[in-house]
Each structure stands twice: as structure tokens, then as C-alpha cells.
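Look below for two forms of one protein chain, each set out as C-alpha cells: first structure 1, then structure 2.
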Structure 1
């Protein structure tokens, strides 16, 4: 066959794909997907370790009861059906029949009960299962979760890396699951891929599990996660074809460059449930001016959000007006967005009683930032606030623990921060605003020391409202009040992007990005 003829064929094939849409393409079996991981996971068991580094390989090793499509609709996975009781106080899961762990033993309702208990006891996100009082196991394939109050967040908490089904006969042997040796080697999972190798700081090799409970899947033979901590090296690896895929990439300069590469597809789809937000947090409990909400509002009016979105983020991230990610169905777009208005800012500051002094300054504040990538925002804040007479000094970033200790013990005025929603507001949003969660020494608790009984009441209602429409209303109100009180000033989503080679089919573009099962992912040709 001549080269010319080949390319003609290719062109025809391409034409037919365009004509029939992407569905016309049949997934192919086989191949090794080379994926990058930006951090070394502590271990591979998501039941006792949250975070994206464990989550990516963890969701391949372990299956959850449910999975989600791009529209936030739950889909059957290890559970073929899931039903609420009428009072919303119990959830019945019917497991897929014939599913087995990687050691060949059957996956039963006992394992589900054990997994729920393990997550309940060890996972940092206590709000996921704290209302589960017991898990009943009437038969091998039926698990009934009993709740002390209705808990709509349960569905999301049973997906992705949040509820991995782990074998009771392995992890229930009496050792502490958090430091169980089989979290890093000889992992016995329930997912589409099993562990072949885990070389710390180097790579994780997963192999297809041939007896996976979905017939014919996964398509790939192997997934190799290469641990590459340097963002520029990852970008070069993608560009020269050494890597097929990278997720959670946030370096805008690299992303902008890779967008021009014709062998790569760059997208920000897939991060709606992870819900990463950038915001400027205020220590509302401090004695200073920040305890006055007019001052916080004035600060928001003085910062040109468009500059952050267009110049700092180079148009790669989205406007976020509230504490709920704009990709969430619960997002309320109809709140005050604090567009740049220096007159209003000056008026608010005057009204709050902070007149300009002889030197033109009203008062001084400090600003920190919790991530080297938000340095530009911190410096921009200083420049912006100088215009309204607030003198800001920027504390430079040393490393994470230094920052965390300072912020979590409330020794700050303002800080830029990056916080994830983790699917449902109950899991990742309430913690920032709940007056019960002001806990010195705990980072990403309510470090703003924000107290508003109305907000507390709304969160309590939202947590147990089963009717989706009513729930949406409750959270709309919640976001409206917060946008008025402004304990933090939300600016944008993190510019997280998934970058993949044109050879990759069915990339993980659902709501959980690389924390989704890769049983559908395949390599073309």
C-alpha cells in the first residue's frame, strides 16, 4: 500500500467519523496508557486517604457503588440499583451479581458494610457518612444503609474515590487500615485494574483485571502512572508524545502552549464535582477592620476580577461568584459579583468609619497565599487596595506547613486559598462557613471564624432536603447571604485542565476527572 493511498484512507475514515459523530468510533481492546501523576500518593487505598494523588489510581483499583455521567446523573456501577425509602431514612443497594475482588473472592454486601464503616471511621470527610447508623445485609447482594436523617449527599459520597469497596477478608484482619501494608503492595481491589507495581516516586503500573464485573471491559491492557512532580517536565512529556494524558494541570503558561499542539487535546471539562475554587479569605474574627462586612465588600469592589481572569489566568479559568463551583447544579449565578467600583469601595470604607489619614492611608493589613501559584493574586491585591487607601504587606510563601499553621491558628488578616468542593456542599462547602467548625490547628476548617446563625440553619436544612428543587432553593439563599456577608471573596475556578493525546478515546471528562473509572478509556489504532 502506498503512503499516499494510506493517507487517503485515513482522510475517508476521518470524514466518516465527522459524518456519524464520535459514537461511530468503536473502542479498541489493548494497549498501555501512559498517564502522569503530579505527586507521589502516600498509598493506594482511597478509603483511608483522600486527595487526587491516591484518587487517580485508587478509582481504577477499587470500584464504588455508583458512577456519574457528565450531567451529574448517577449511573449503576458496582450497585445495579439504589433506592431511597419514602422517608429518606434508608438506602437500599443491589449489587451486581458475580462481581469479584482481584483475588477471585466474591464482592458481597458484607464488604459494602465493612467499607462504609472503614470510611466512616478513617476518612477525613466525616460528613459523608456520619448520619449512617448501620448497614444491614439481608442477603449477599443487598446492602441497606440506615440513616438518622435524610442525607441527599449520600449519592455523591458513594461514587468515585469516596466509597471504594474494599475486601473485608483482607483489610478487616485486625490491623489498622490506615497503615495496612496492603495499601501499597498486594492491593486486593474491586475495580477494572489490578496493581502490578508501585515504585515510590517513580511509577504505578496497573494491569487489566480480566474478571472485572462489566463484560468486555476495561479496554486497556495496562495503565502506567508516571510520577513527575515538575510541571514543565510533564508538559514536555506530553508534547513529545511520551505521555498520553495528564490531569489536574494548572500552570497556565504550559496549558496555553500545549493548546497550540495539534497532537494534544486540552480541555477544562471534568472538574465540576472536584470543584476547585480560588478565593481571598478574610479573618472575620480578628479585632481589626475585617470584622466589618463593609470593609470586606470594599476590598472585593477594589479588586478587578477581570484582570485575574484575563491576565493572571490567561482566560483559562471561569468566574466563580460563590462558594459552590459554577459547574455544580446548585450554583447560584444571581448574586452580587462585586465588579470593579472604586467609588463604591471608598464610600463603604468611609461609612465604616475608616477615614484616610494624612498619608492617604486608612489602615494596614497583611496578606498571605497558600500556594506559590497564587503569588500574582496576592501582589495584585496589594496594588489594588493601595488605590483605596489600604496599605497591604505581602507575606512571602515559605512552604505549605508554615502557611497552614499560621492560617489554621487564625494568625492572619487575609489569605489567598484554594479549596475543593468535593461534589456535594455537605462534603466540601459547609466546612468553610459552619460556626461549629471553627477549629484552631485544622486547615480548611472555618479559619475565617465566620459566624452567622442563619447560614448555619440553611446548611442544616440543605443537608437533609431530599427534594432537589427545594434543596436548590435553600442553597441559592445560602449563596446569596454569603455573597452579602463575604467571609471570603471567591474569584475563579482553578484552571485545572486535562490534556490528552489525540490517540486517547473516551478520556475522563465526567464530573470527577481522573477520579473516574477508566474502564471505558481506550487507545486508538
Structure 2
């Protein structure tokens, strides 16, 4: 174990030299970056809220202990160093000296301890820090995280928007941190930019924090996030120069169109840790047909995944056979992909006892979709299942909060969804399949109400196994069982792209996309 951790630190040191030692051109200081957001955030505190809408501005307002380069190598950020104990049961962070919050008060180890506790108690990704038993603070610049077991995902969990360091002197005032007024107004952050304006439905304006703990950064004077929900409007804004950048763009026709614009750079780089997937989720806890895995398998065999990949996605996304993103080293490609087979689908439905009636139908289901970009998949599913005698009604998309409330309270049959891995199964995958995570009202938890003790046991093993080869074996078995049980039918990676003007330098092309700090981003003119 000791050798493993020391080699990790050596790789980190080398990565620091690569990431920060040289740049292709001298960054320009100043200017205002105009950036679109496809959703309006509920508030700006990522410690208690997941998602890209909060994460993009939240990562600029709050610094994390670590940051990551494009090669998945952890880098110093608010923590200038970190050190594992020999037994892997504690990690010591050494904070940058002299770092301050936006109100001028020092950032100390007490704030790190408070932030970890806040995330533990309030963030939907409970597994990130559930093995942290305490955070000791021997001095102002040293925080020691004590663990109940080894935690292979801990470094990743301390980066980006996953562990924002928030001020104890603000959020420790006894008010509920989830509804704290300073989540949206008078935000006191620790990151490279401070809040100037927050109009939830229109824009977010951030200004450079001149006393940021990395000298000379950030380069930009301001970032203006414009809330633009309509994909066509975002495309027009990019093409006419009103916008400098858009991230998490997934409308394939617009992506294809903007690739032809010589003033724009269009890339799918930057989403490796985000791990975005599309899937059709089933309410396995219902008393209807979907409680039978043979029915779920039949539905999968009825849907032509190649049509989704080639026609709906226009070749801009890739096949995804499991709940772990294909870009992950833990992905298991050797599982059933449920290629189109109507004969097998019909046979499974007959075997499950759902024979066709006089009208040719076996039973009826409803389907929802959690993002307007998956409307085409929902309509395609309706047409596909009609061929095997399943009558499907598509519920019109109203808005995200309405969909989220419905799905999280298990009031659905099937839903097309967009879900992220968040870098490591412990962080973003376990939540979907853990029987302990069936929590009414919490979206992107185990809303499928899926229960399998063997899966629970494998996740428990994977959460503490630090040997990469053994961990890969655990998750290979995990994916094999899920591919058989099929609580969701995985189809494809999302075609997320970052689109930015040629005027933008150092765009966020690491592993966290716009959840990366923008202290290095600049405008060339």
C-alpha cells in the first residue's frame, strides 16, 4: 500500500511540472469572458448542490483542495501538498499560506473540516466522504482527514466542485446551509472570482478576486454567465460573437453546424471525469411488468441502439454498455449490449406471461424524459416498443424541476435520463444502484428502486480496494450483473462538446469541463 501511495505522489509532482511549467503563449490579462449556461442554478453553493448549473460558477467562487489535469493527475490548488499515511487511513493536507476568503478573512484548516462535514451531511453524493470519520486541525494550515477504511476516490473527491472550501464563519451561523441566504447573495468564496451579480433567470456576473492565493491570477477581469436555455439561441450567440464559450453542448445538429465555423473551435475534450451517459431507466420497484427483468431485457432488445448512435446522435457519441462510462479504466466492454432482436424480445415477453391481447397489445407504459435533448429517444422508444406489443405514452417535458420531482418520488414507469459518473464509481455510480440510496425526493439517487444484495456487496468492496487490478475485477463483475438485471438500459455517451471562440486561451479542456477553475483562462484580444 505504501508503495502505491508514494508512486501516486511522484506522478503528481511530475504532473505539476507539466501542467504549470510552460504554456504555448503568454496569457493576456484583462477582459470579460461571456459564457453561456444551459440551465439556471438554484443557488451558487456546490457544497450542498450537484449539477453543472451550480458547478460552473461555483467552482470559480470556491476553491477546492486539489485540481486535476487532462491526464487525471491531481495538482496542488488550495492544498499545496497532501500525504497519505502508510496504512492509507489518513491524509494530511497542507494548505497554501496566506489564502483568504473574499471578505479578507484567512482560509484555515477549520474551514476545510467544516466544508467536509457540510458536504457529508448535505451533498447528494454521500459516498464521497462517508468514510471520513473526522478531520483533525493541528494548526491553521494543516488538515488531517481520518478514514474508517482506504478510500481510492478521495483525491478525486477533493477536486473541482466536489469539495468547495466554504467559510465556517459564514455558514456556521446556525442557519440551514441548504437554504442559507449567502448561497445566492453576498457570497463569500475562496476561489479566483467573487460574485458581483446573480440574476437567477438571466445572468451571473463574477469579478476577479485580486487577493487570490495564486499570484497573478486569474487573468480575466470578469466572467459573465448568460442563462440561455434554448440551444439554437446559444448557437447563434456563438456564431455572431456575442458569446465566447459554451460548455456541455449536446444538440447534435448545432454541434455539426458550428464545426464549420472558422471562428469557433468545437471539441469533445474535457468530459472524461464528468462521465456523461444517456439511458432508459425503469421503475423496478413498481408492481407492474417492469419489476420482471425479462420485460426490461425485452425492451432493450426492441430498441435499435445503432439508430440512436448514427441517426439521433449523428455519430457524435459512442456506445455505452454499462453504467460506467467507456472512458473509465474500469469500464467492462465484455457484456451483453442488447443489439436489436425483436424475436428475442417477443419470446421474453411471452415467457414473462405477457401475451398479446386481441388488439395486439400486451400492456401499456408511460415514458418521461429528463432533458429536452432526449425527446427524440423517447419518441423512438414509443415506436420501437409498439412493434412488440407494448403501448407507450410519452409524457411531454414541462421543465426540469417538475420532471425531477416526479421521477425522484418514483411516480413513473420509464424515463430517458442524462446522468454523470463524476469520475469514480464511488462518487457517481454507486448512487444509482445502492439499495441504501432509495430516497424519495432525491433525484439521481436510486430512483429505479433497484435492490440486489450482491451488487451492494461488490460496491462495498470496490469502495475500499486500492489495488487497481483487483478493483477492475470487482467492477467487471458489478457490470456483468447489472447488464443481466438491467435496472436501466444504457445506450450512449452524451455528445457533450465545448465550443469556444478562437479568441479564448486556455479553455477548460481538463477532465471537469466548466467545473474546472478558470484562473488560467484568458482572452487573446
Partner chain sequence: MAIFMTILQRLLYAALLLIAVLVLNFTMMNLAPGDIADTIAASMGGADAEMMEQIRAEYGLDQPFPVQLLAYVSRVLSFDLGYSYFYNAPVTTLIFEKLPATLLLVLVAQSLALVVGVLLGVFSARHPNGIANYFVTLIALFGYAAPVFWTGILLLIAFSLKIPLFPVAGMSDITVDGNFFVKAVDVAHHMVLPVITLGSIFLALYSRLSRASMLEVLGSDYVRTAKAKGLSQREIVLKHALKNALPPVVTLAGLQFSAVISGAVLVETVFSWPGLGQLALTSILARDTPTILGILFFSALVVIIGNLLTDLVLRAIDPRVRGRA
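Given the structure is predicted, the values throughout are model-derived calculations rather than measurements. Take the two forms, find the largest set of C-alpha atoms that superpose within 1.5 Å, and that set is the rigid core. Numbering follows the first chain given and starts at 1.
- The form predicted on its own is structure 2, not structure 1.
- Superposing C-alpha atoms between the two structures shows the smaller rigid body rotated by 18° with respect to the larger one.
- Once the rigid core is matched between the two structures, the CA atom of residue 460 is found 2.6 Å away.
- Summarising the core-aligned comparison between the two structures, the C-alpha atom of residue 284 is found to shift 7.1 Å.
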